[in-house]
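We begin with a single chain expressed as structure tokens, specifically the form predicted on its own.
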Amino acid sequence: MRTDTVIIGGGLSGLTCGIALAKRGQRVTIVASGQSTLLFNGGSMDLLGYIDGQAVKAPLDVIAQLPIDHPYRKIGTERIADLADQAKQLLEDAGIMTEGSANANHWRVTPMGVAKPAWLTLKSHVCIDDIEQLPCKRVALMCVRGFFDQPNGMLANGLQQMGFNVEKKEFTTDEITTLRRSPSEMRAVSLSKRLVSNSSLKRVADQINALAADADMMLLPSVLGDEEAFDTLQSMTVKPLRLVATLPPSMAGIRMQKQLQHYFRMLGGNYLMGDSAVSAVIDGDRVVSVTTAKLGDMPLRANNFVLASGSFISRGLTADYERIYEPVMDLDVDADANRDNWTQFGVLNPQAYSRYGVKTDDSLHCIKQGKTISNLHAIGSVLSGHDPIKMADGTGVSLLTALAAAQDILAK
């Protein structure tokens, strides 16, 4: 099977790169082994949230302070602002409407009630421009009776610590009560399937309107299947309404994954869901083909290849008792040879393995046995040189490296 570019990995970075290439007329095939880590996303994108444990107010102002092996430094600090604008536009083209700017972080609210810096947040979700100047004071936290995916007590306490006056209100409807007959059904995905029609949304609106009292804003768990459902519900409420992220799997992340997949396919992209790359043929400094588990003796051939397979959680990187390695092509990996140095005691401490990933040159070309592979780029969380947890830069690295690699491919 012949195509222009093959992308290994169908998550945020793989889809972003695929869309950017397909928009310019390339024939692109994405090999996606399953659902991506977007399912853990609560509706926000981060560009750069922390440096040395300190919250970043203006990401663009401090990019140059990052270590030289950070993916942003490899892309080039002068390109970050433009790539960030392109990323936001690409999301909007896919129907993912966000607010935020690379010039100044805002604050998102986690399911545990913690405020964390963010770059972009879905317009339907709550975000705070300035934690010192809250947009309102009185908040009604609308809690779905029997819902498993939101720790209401912790969320309410966290909001109160930020300075909000919070009142918890519990509600249900006939559709929700039906779900409660099976406790395992009281999850965000199940609720989203029931809260679709205007009549079901009207019943929710009637319940929360009756409970709103003197609240300045109502917060509802993110259990709606799309922005249209949110807009419909918001039009029925008497007070401003915003959604707040739930525990994963997140409806916001599921929605973004589906919208990006749909947009990629609409552009003519070929998305091989449920397949995985198992090996590759490399001749000299070029990848010739990639073999997948399902296609078997029908290898994927292309002019260019992109590795967007993710980190350990997505099996883009693998560890055994002796080494950390990239499993498809056995590419060179930035990782400590001493297993004892991979982790340190204390779950909140920085973990060395979080910075591990494949080695690349400054153009994100992969390296194997010390030699650059000229038609293979690595993007997203498979890259080394950054800690997406401690730096809060994971989705930003995925989006921006994907666009940078696409530009490099198109320039050839």
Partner chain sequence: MIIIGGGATGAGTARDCALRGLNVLLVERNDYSTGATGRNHGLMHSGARYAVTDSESASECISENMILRRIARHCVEETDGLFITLPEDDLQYQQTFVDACHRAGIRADVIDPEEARRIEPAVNPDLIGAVRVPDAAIDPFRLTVANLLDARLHGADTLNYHEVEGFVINQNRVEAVKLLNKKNGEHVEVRGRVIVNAAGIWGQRIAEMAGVKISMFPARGALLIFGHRVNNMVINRCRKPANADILVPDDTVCVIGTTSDRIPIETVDDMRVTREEVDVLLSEGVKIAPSLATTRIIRAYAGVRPLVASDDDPSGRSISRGIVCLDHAKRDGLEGFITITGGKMMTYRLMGQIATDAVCAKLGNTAPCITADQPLPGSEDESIFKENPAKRYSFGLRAALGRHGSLARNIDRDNDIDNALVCECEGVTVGEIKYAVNDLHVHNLVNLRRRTRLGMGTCQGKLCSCRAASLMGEFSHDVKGAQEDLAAFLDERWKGMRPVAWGDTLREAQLTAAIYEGLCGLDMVVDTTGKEDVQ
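On a predicted model such as this, the values are computed, not experimentally measured, just so you know. Positions refer to the first chain, counted from 1.
The same protein also has a form predicted together with the partner chain, omitted here; what follows describes it.
Residue-level question: is Asp149 within 4.5 Å of the partner chain in the predicted bound form, judged on heavy atoms?
Yes, Asp149 is a contact residue.
Is there any non-hydrogen atom of Arg286 lying within 4.5 Å of the partner chain in the predicted bound form?
It does not: once the partner chain is placed as it appears in the predicted bound form, Arg286 has no heavy atom within 4.5 Å of it.
Considering non-hydrogen atoms and a 4.5 Å limit, does the partner chain approach Lys137 in the predicted bound form?
Although the partner chain is absent here, Lys137 would stay clear of it in the predicted bound form, with no heavy atoms inside 4.5 Å.
Heavy atoms within 4.5 Å of the partner chain in the predicted bound form: does Lys390 have any?
Answer yes; at least one heavy atom of Lys390 falls within 4.5 Å of the partner chain in the predicted bound form.
Do heavy atoms from each of Asn338, Leu348 and Tyr353 fall within 4.5 Å of the partner chain in the predicted bound form?
So, yes: the whole triplet contacts the partner chain.
Spot the stretch among 228-236, 318-326, 299-307, 74-82 with residues whose non-hydrogen atoms come within 4.5 Å of the partner chain in the predicted bound form.
Selected stretch: 318-326.
Considering Ser363, Thr343, Ser374, Gln65, which brings a non-hydrogen atom within 4.5 Å of the partner chain in the predicted bound form?
That would be Thr343.
Which residue, Gln259, Ser276, Gln160, Thr110, has a heavy atom that falls within 4.5 Å of the partner chain in the predicted bound form?
None of the other options qualify; the answer is Thr110.
Going by the partner chain in the predicted bound form, which residues of 36-67 come within 4.5 Å of it through any heavy atom?
Result: Phe40, Asn41, Gly42, Tyr50.
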